[in-house]
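Shown next as structure tokens: one chain only, the form predicted alone.
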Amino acid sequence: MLDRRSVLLLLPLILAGCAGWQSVLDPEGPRADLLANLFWVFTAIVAAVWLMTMAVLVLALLRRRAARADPLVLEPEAERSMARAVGAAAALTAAIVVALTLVSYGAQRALFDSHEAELTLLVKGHQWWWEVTYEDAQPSRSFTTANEIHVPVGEPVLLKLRSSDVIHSFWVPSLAGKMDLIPGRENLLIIEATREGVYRGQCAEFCGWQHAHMAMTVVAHSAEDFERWRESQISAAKPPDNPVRKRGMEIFLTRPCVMCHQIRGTPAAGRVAPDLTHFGSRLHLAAGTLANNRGNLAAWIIDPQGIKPGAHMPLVKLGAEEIEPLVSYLEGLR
């Protein structure tokens, strides 16, 4: 059992979870605003009910009546007063429940009133990473990336959510509520950012051993920056520009890596693992497990199971002299 001092020490740690870059109480989009307001309305009403209950309890204790000489003798006036008090409390409880239900219903209607958007993304959940395809009426302008979503500020973006294996749940608390990804079904979700920035998301449905390491990042740009980013992503990977990176490309194309990953502009056309065409431009690797830098990338290539046990990335035997060129090649895919 926790004593009072332990509870007081733990409280700041618990409340710290309500802030930061992954919090429903830090909304940066209209739908997230709606959910945050709903949270505060419910919290305020529940707090008021608790305070009223405690006030009545304290009042009852202070006005405690003396024991009656004969407990079987009824006091009609007192009985009527208590009946009226219980009736009023029941009516107030029912009114509060109905009011909260109506507020919640109104919020749900506002959240799902429209699924129209200029930009449509197909987001597919895998154990344990996210595949993101930017759809376009012109197939040549459609492209696929992984674990990172870029959106223009102030523009609703429609997400078509699917799963390839088990149930996942897409949740970027600062931008929208969560929505499940269910095998054999397509769910729709709109996200919108009102401010430029980087927002963290997380799979919110337990989906296996590495569920906790299935994060994604949403980067909100100005419209001009987003168009520049999109044009860069549509293009194929640039050929290596120095001998070291050329050697790295040879290693990649002659090892099992090529069986799973795709790099547009090369013979690598695997579709069961993240597309690496512009891997070097991403902020993280292994679905948010590590920052995308040279050291972490080398560690991930050498021992993926040590970093993310159970991940489908196998251990590929490489010579010590092959690590540096391979890391240089992948790092340069921007």
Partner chain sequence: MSETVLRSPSKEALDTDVKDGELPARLAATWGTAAGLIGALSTVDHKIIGRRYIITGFFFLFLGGLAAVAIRLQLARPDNTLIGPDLYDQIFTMHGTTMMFLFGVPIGEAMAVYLVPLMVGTRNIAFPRLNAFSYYVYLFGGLMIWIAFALNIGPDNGWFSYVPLAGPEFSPGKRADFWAQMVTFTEVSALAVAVEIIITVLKLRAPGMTLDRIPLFVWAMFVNAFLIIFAMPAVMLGSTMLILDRLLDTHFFNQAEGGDPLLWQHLFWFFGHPEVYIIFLPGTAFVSAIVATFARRPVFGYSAVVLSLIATGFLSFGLWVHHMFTTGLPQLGATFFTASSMMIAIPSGIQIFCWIATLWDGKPVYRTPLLFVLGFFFIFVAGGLSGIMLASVPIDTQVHDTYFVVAHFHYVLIGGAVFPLIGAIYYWFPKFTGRMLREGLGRWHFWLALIGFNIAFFPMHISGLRGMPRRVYTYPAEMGWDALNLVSTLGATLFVASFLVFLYNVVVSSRGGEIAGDNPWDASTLEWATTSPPPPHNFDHVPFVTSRELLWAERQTLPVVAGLAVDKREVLVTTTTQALPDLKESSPDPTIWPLISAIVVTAIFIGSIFTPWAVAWGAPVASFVIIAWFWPKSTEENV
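Positions refer to the first chain, counted from 1. The term rigid core refers to the maximal set of C-alpha atoms that superpose within 1.5 Å between the two forms. All values reported here derive from a predicted model rather than from experimental measurement.
Below, we turn to the form predicted in complex with the partner chain, even though it does not appear here.
S.K.: Only one of 294-302, 275-283, 66-74, 261-269 gets a heavy atom within 4.5 Å of the partner chain in the predicted complex; which is it?
M.R.: Of the options, only 66-74 has residues within 4.5 Å of the partner.
S.K.: Looking at R162, K238, K178, R228, which is the one with a non-hydrogen atom within 4.5 Å of the partner chain in the predicted complex?
M.R.: It is K178 that has a heavy atom within 4.5 Å of the partner.
S.K.: May I ask you to choose, among L253, I234, V244, A89, the residue with a heavy atom within 4.5 Å of the partner chain in the predicted complex?
M.R.: Contact residue from the list: A89.
S.K.: Consider R195 of the chain shown here, and say whether it contacts the partner chain in the predicted complex, taking contact as heavy atoms within 4.5 Å.
M.R.: Output for R195 is no: heavy atoms all beyond 4.5 Å of the partner chain.
S.K.: Does the 4.5 Å heavy atom contact test between Q127 and the partner chain in the predicted complex come out positive?
M.R.: Yes, contact at 4.5 Å.
S.K.: Verify the contact flag for E205: yes if a non-hydrogen atom of it lies within 4.5 Å of a non-hydrogen atom of the partner chain in the predicted complex, no if not.
M.R.: So E205 counts as contacting the partner chain.
S.K.: Would you classify Q108 as touching the partner chain in the predicted complex, given a 4.5 Å non-hydrogen atom cut-off?
M.R.: So Q108 counts as contacting the partner chain.
S.K.: Could you list which residues of 163-188 come within 4.5 Å of the partner chain in the predicted complex, counting heavy atoms only?
M.R.: Heavy-atom contacts to the partner chain in the predicted complex: D165, V166, I167, W171, P173, A176, G177, K178, M179, D180, I182, P183, G184, R185, N187.
S.K.: For a quick test of reading the superposition: does E79 move by 2 Å or more at the CA between the shown form and the other one, rigid core aligned?
M.R.: Yes, the C-alpha position differs by at least 2 Å between the shown form and the other one.
S.K.: Note yes or no: does the Cα of D70 move by 2 Å or more between the shown form and the other one after the core is superposed?
M.R.: D70 C-alpha, core-superposed: shift of 2 Å or more.
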